[in-house]
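Quick heads-up: the structure tokens below are two forms of one chain, split into structure 1 and structure 2.
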Structure 1
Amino acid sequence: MNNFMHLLFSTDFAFSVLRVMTPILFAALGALISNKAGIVNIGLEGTMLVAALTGVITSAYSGSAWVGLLCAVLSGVIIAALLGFFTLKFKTHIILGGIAVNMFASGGTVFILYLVSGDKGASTSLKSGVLPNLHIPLIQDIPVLGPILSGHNVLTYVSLVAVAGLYYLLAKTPLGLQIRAVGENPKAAQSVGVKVNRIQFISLLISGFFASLGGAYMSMGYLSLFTRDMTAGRGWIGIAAEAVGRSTTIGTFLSALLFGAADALANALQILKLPAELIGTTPYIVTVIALMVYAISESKKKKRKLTKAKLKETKSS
């Protein structure tokens, strides 16, 4: 037990939480922006895979990790644009479109990997780039916080900045207002002159942008290679995190952090020799508990509102 506490309160553990959280957070932000616009992008997992592969291939051929990152982002945005083109222009159902993206990505990445490297499993024969880790000058000297916050991959910091950026975009800018309006009631938005399709298209592009950063992190930061289906469901967990966060930016960030922590905890617990099957359930148990806590607090709020309303009624009558 002592060992366990030692593990849980080590800086290494807190550091690993941020590291594990990053791809989930990117996917969750991608899910958030598309959901806000009322167009549910479930193609995040596929977009991440495509971006992960593009990053590896382009960085291997250009010799620069940054060119790789740029191309990865471009590929993600292109996938999102394609998805938007089919769903908004040709009215394909967005869920079907998303499924198509995921299936295409799972098979297509292996196919392209085979064309480029002659392998179908992993990109080990490509000399791909890795994005640098950042050691932040002042922060890294703070006793406990330093080793937790400093030394992460550059994309981990980008993900944190992206949370703030997305919050600002949604809450403070005209575009954000339009996105929210379109998501809540597209007909009403249209009636006041908002171009619904255009706003949804822009949201999808931003969604693809975030997902591609998550993908690039997987193959060029977290790991240094592409392997088939390497995202291993992180895109889906991102969508779940967005739902647990009730489509708010802060909530999404916190739930992504929670998922990251649960996953990191599941990894750390293995050292303690608890049964692996039990440990494997940790992330899901945490999710269920989080949802329960949320549901209880929510229903309490409602009850309070109801009783208040009733009180008012009785007073007025």
Structure 2
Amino acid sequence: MNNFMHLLFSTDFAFSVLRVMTPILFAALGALISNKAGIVNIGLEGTMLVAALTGVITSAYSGSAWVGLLCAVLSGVIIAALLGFFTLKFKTHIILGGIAVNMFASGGTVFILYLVSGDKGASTSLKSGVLPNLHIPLIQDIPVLGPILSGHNVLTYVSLVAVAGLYYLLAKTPLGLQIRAVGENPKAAQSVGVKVNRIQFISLLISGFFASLGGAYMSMGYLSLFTRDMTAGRGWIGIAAEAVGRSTTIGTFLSALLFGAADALANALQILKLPAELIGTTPYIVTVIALMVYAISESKKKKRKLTKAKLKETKSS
């Protein structure tokens, strides 16, 4: 137990929180941008899987991790474009479309991996490219902060920059204003000349972009290979993080940090020699608890609004 507590309050644990938070944060940002436009992207999990496999295959055959990253991003954007095309053009139900993406990715990635390499379940025969870790000058020499903030994979820093970038996009740019307007009241936005379908399509593309970065990180940063269903629900946890964060950029980031801490805690619990099955449920238990707290707070918020509305009606009458 002493060893566990020492690990829990160490810089290594804080470092691992940021490390495991990265794919969750990318998925959460993808959920945020699409939800702001009033269109729920349930296909984040599948998009991450496709990007993870694409990154491994293309980096192995090209010999460049950066080429692999580029192709992974393109694959995620293409998946999002197809989802948007069928949803917005042919009016396919967005939830059913997202589920189809996830189901295709789960089985399709394994099938494609087998066709390309002959491997079943893991890309052991492919020499995947690995994106570099960055050691930040000056910061790496600061006690406590240095070991926590320096030495992460390049995509971890990209995810942190993406939080600031998405905040600026939504709050300070005309496109962000249109995205928020479409999400809040599409008919009103359309009445002033905003092309609702185009804005929602763009939002889905950005959502796919973020999700694909999370997938690429899983297979080219967190690990150096692809394994079957390696995202392990992180796309769904990202959607939960966005909901718990109340669809705000900062709130989403903090929620992703919380879920990352839960994931890191699951890894730290291995030192106690608890059953692996029990340890593996830790992130999902935290997700359920967080969603319960969120649902209760939302219910109380609605009750307060109804009470205020009734009081106004009583006073007016």
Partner chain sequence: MKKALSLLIVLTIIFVTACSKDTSSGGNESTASNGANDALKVVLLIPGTLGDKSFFDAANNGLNEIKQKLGADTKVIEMGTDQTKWEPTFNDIASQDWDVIISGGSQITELMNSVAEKYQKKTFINYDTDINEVASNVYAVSYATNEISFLAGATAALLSTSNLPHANPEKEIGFVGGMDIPGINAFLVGYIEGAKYVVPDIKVAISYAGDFTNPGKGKELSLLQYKSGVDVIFNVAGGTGLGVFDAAKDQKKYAIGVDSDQSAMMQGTDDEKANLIVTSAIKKIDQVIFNAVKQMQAGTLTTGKLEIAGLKEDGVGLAENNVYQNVLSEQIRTQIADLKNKLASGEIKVSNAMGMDTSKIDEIRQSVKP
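What we label the rigid core is the largest C-alpha set whose atoms superpose within 1.5 Å from one form to the other. Treat the numbers as computed from the prediction; the structure is a model and nothing was measured. Structure 1 provides the reference sequence; residues are numbered from 1 along it.
Structure 2, not structure 1, is the form predicted on its own. Taking 2 Å as the criterion, Y284 counts as shifted between the two structures: its C-alpha moves by at least this amount when the rigid core is aligned.
The smaller of the two rigid parts turns by 19° against the larger between the two structures, as judged from C-alpha superpositions. Core superposition places the C-alpha of K310 11.3 Å apart between the two structures.
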